[in-house]
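Just one chain is shown here, as structure tokens, and it is the form predicted alone.
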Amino acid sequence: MSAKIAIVGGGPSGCYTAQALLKRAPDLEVDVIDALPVPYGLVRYGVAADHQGTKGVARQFARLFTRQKAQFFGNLRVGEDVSLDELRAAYDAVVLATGLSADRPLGMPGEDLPGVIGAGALTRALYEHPDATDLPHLGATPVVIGTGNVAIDVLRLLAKTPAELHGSDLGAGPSDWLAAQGIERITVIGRSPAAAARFSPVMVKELGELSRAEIQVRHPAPEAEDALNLAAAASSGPLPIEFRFETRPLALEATESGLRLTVETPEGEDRIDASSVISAIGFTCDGRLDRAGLLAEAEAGAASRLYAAGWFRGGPTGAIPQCREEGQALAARILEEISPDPARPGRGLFAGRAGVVDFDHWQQIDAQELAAAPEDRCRRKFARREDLLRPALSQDE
């Protein structure tokens, strides 16, 4: 089959979908398009810097471009550098796999106060995303709202010693920032009972093994073998990390020393003083694309030639292995419905377009980052977009 398929988004959902398509139909022309100059999306900028085992899936994705002959078109933002209409005219099918990058609002008074930080914005800065904002000052007593895996990632990095970050790809700037925060206590707020919390037991176990952490649990799960109870029993460090379950945030207000969070608990209303508040309650669309309208089109049937994958389709739930299963199912559907038109130009749409980078460009970046790694890190990331583009710019000169 000689059909042409564009996948917008080079993260796990996009790569797994491309991989499944080419495994079923090796003659397809599959192009992965990303707004960033580098591939892998969430793997590079969402998976925690100290979880290099999870990031290892990038080696599998690399084979998509080196062996399965997919092509990568980076530094190309749909809606700015190329329109979605142009893509739909050029390709037999377009898959939207852009993810959800904006932090979901807290939805309560005071959520816009200084010192209230989205976990997505914070982790993008920690993991040196080229479009990230500056790292904020957290102060001695931050509060984290949310008990999912992103919240646990933030907790773990805030609690780790410099030695416990060895082998990660956390950059020098973020490493210095962590060391300078002077955190004395972390409070974690969860609406649900402890037994219904959405974090991974494996990640909680890892949190309990940190040398600085002393995990405390208010309203714990009744089972003694619950992962958080076991972690609390095993931890005895100098940094208290208190989990408060069945606690619903109501409002935030500014104080002379920082912020005050009013919450509703089984015992009644309570107030928690905080130097900062990190909101880790999920993600939503950043508004660059009309997600609701596009999803309606994608569900309308084969005539739209538009498909959606991953978080863009189903919301911010599911881990990387789930992306593989969904990608296989989506690939099967696309191949059943697609109607190739030889007149469509496909990747010819980008011929001669300035600033677009390919997978060879990424391989240069990857080699340079690995070669520049300090002794205690696995790589040194280029954090600025201009540095991520420099090899390509040098070739153009």
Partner chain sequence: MKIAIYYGTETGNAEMLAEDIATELEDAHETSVADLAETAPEALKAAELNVIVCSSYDDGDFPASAKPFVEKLNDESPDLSGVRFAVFGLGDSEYEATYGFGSMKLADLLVACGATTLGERIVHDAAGDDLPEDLALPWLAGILETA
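Residue numbers count along the first chain shown, from 1. What you see is a predicted model; the values in this text were computed from it and never measured.
What comes next is about the form predicted together with its partner chain, which is not displayed.
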Though only this chain appears here, would residue 202 touch its partner chain in the model of the complex if you measure heavy atom gaps against 4.5 Å?
yes
Any of the heavy atoms of residue 51 lying within 4.5 Å of its partner chain in the model of the complex?
yes
Residue contact check: residue 132 to its partner chain in the model of the complex, 4.5 Å heavy atom
no
I'd like to know if residue 321 sits close to its partner chain in the model of the complex, meaning any non-hydrogen atom pair within 4.5 angstroms.
yes
Has each of 16, 59 and 67 got a heavy atom lying within 4.5 angstroms of its partner chain in the model of the complex?
yes
Considering its partner chain in the model of the complex, which of 206, 273, 184, 246 comes within 4.5 Å of it through any heavy atom?
206
Testing 35-43, 59-67, 359-367, 338-346 against its partner chain in the model of the complex with a 4.5 Å heavy atom criterion leaves exactly one stretch, namely 59-67
